Structures are given as structure tokens and as C-alpha cells.
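Read the single chain below, which is given as C-alpha cells and is the form predicted alone.
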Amino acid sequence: MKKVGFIGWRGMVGSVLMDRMREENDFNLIESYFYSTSKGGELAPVVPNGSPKILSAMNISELLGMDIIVTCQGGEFTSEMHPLLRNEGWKGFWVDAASTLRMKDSSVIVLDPVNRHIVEQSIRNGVKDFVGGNCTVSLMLIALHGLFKEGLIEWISSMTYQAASGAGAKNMLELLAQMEAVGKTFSKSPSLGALEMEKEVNHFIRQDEFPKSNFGHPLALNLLPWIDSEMPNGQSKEEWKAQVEANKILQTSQVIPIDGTCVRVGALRCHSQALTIKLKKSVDLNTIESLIAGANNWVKLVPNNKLETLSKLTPSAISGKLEIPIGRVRKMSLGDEYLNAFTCGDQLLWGAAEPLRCVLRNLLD
């Protein structure tokens, strides 16, 4: 059995990964070792073939004994520990949820439904670093896999609506705290008219004492049209990732332009995207729908009608599910080669944890 070390398994992505591995009986196939940057020596989670004690994630000598390291710890840990291990001559496989190594020439971004063949060939070619992609990029690629496979896409404008949990557990809890603060304060004022209530609420959420230490701004009853750091060309880094990561995942011979605006919204979990797609040629809508629906086991085409859209294509409908619904598929008034679509997916599953689980199984196979 391969020795697999897990780091960052208590965080949101790590917890989802652990749950999925239990569901799929993955722990039966490996010797598991759980590492922590702060809890070394305590009792480890009970899994088949698991080490009884938590080990120190900062102890290079212990990490060197692993055949595979799976980390959801974050970029700072990767930046510090990955080069130390490689410099010590460690030849094991590094599987990472953080973005640190994504665009390195030595790494492959993994997304099993879309590029499993590339991952398998990379393993045969001796690649050792496998990294999960940006959540919205991964969800978009699974949803549009059929059109990419047929080489039909000339460019994409993706407008994202990203949930609070995409920024981390603290941000998710802060959104709930903001909602609670508004509810407690204004549930006592039922006699206020709608416009008066709106004025009072907006004044309230702009106050310094309103809970916003993580987001820096109110997200409840609001939205934030900027995610991640600034890039020199005016994009946010989250927007920049769409083109560079998608093309690396697909290993395109010619760059497919992908751009848009990334927005944080008040959903707790699941990211959504509105897509404007320029096709390379005119294709009838029935063919487009067939290509989308048959591309992989996870994409689910939602008919473009009000009832099914509102019941099947929302964060509340898809939270905790592996399926990636895509709907609102229609030709646009811009021209016959322009396609409209809307997709939603759980960014903690196919957007984060599940690609890591799949590549781990690939490495074991």
C-alpha cells in the first residue's frame, strides 16, 4: 500500500475531501498519515489503515517517508515545504488544492471529467506535481466540456457569482453574522415603510461596527464586484485565472480567450456563472444541447424554461451535489454564433476536493 500524508484535512476543502474518501472507501486502498502544523501528537481521525497519531506537518523527515502528499493547507505551506522536500530529494507525488504551483511548467492542473487522459499520460511521463484548478474555471469546463471537445468555442465571457465560502470558513461565518445583525436590528421595526427601511438598513450596514473584518465590506444585502488582488491590466487575479488555467487544463494549441467579471454574492455555498459564448461556426441548438448533455457523467442540461431553471439551477438546489447543471442555453440576438448559458456548481466538490480525490485514485491505479 502507498503511504499517503494528508495536510489541511480539517479545513473546508479538506473536510469535504475526507468525507468523499470515506464515501468511496478510498482509505481502504492506502496507509493514511494525518499531519498538522499545530496539532502534532494528538489522536488522528479513525480510518482504515490509518496512523493513530497526528504528525507534525513541519517535520521534513516525517514527510519524506510519504509516497504521496495531499495538501489543502494553503499557498504559504506549499511555498515553504514543497521546495524543501524536493531539495531533499523527495520523489513522491504532491497533490495540492492551493494555487501556488498551478502555472508552473512542472505541474499539471487536474480535472478528471475533462482531462483525465492528460493526467494519466503525465503520470506515465514522470510528472510529480498535480494541482487542483480554480473553482469557477473547473466548474465552467465541466459544464461546457462537450463544446470544448468539439472545438466549437472561439471565446467566452464568464460573469461569475461566487459564494462566501469561496473566500474561506471565516468569511462564510461573517456573512451569517451580517445577516443576523440585520435581522435582529430590523425585526423590531415592522411599521417602517419599504423605502424607509431600505434607507435605515443601508445606513446600518455602512457603520464601522458592522461585522466585516474579513470581507472588509458588507456582503449581506450587497455584492462585491472584485475578488482577489489587482493585476496590471485591470483584471482581478480571479478573472485572470480563467483564461490561463482553462487553456492549461485543456492543453490548447491556440489560446481560447476567456474573460469577464468575478463578483462575490451573498450565497453561502456554490458558485454560479453567466456565460456568453462565441462559437466558431453556426450550430443548431439541438446539436449544442446534445453535445453539452453527453460530454461527461456530471453535467446536467436544464431545459430553458422558468420552472426548471428556478428549481434546478440555483445554489440552494445544487449545494452538496456532484452534478453540474447548465441551463438558459439559447442563441443570442447578437447573432447565430453567439450562445447564452448559465451554470452552477458546488465549488467545494468539483471546484476543489473532488479533482484531488480523483487524481489520488489515478496515482494508486
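The model shown is predicted, which means the values in this text are computed figures rather than measured ones. Numbering starts at 1 and runs along the sequence shown.
Keep in mind the form predicted in complex with a small molecule is missing from the figure; the text below concerns it.
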Is every one of 144, 325 and 327 within 4.5 Å of the small molecule in the model of the complex, counting heavy atoms?
-> no
TL;DR on 215-223, 167-175, 108-116, 244-252: the one with heavy atoms within 4.5 Å of the small molecule in the model of the complex is 167-175
So in the model of the complex, does residue 5 come within 4.5 Å of the small molecule, heavy atom to heavy atom?
-> no
Is residue 294 close to the small molecule in the model of the complex, meaning a heavy atom pair under 4.5 Å apart or at it?
-> no
For residue 137, is any heavy atom within 4.5 Å of the small molecule in the model of the complex, or not?
-> no
Exercise: residue 211 in contact with the small molecule in the model of the complex, heavy atom 4.5 Å | no
Out of 340, 314, 37, 51, which one falls within 4.5 Å of the small molecule in the model of the complex, going by heavy atoms?
-> 37
Considering 72, 277, 288, 131, which brings a non-hydrogen atom within 4.5 Å of the small molecule in the model of the complex?
-> 72
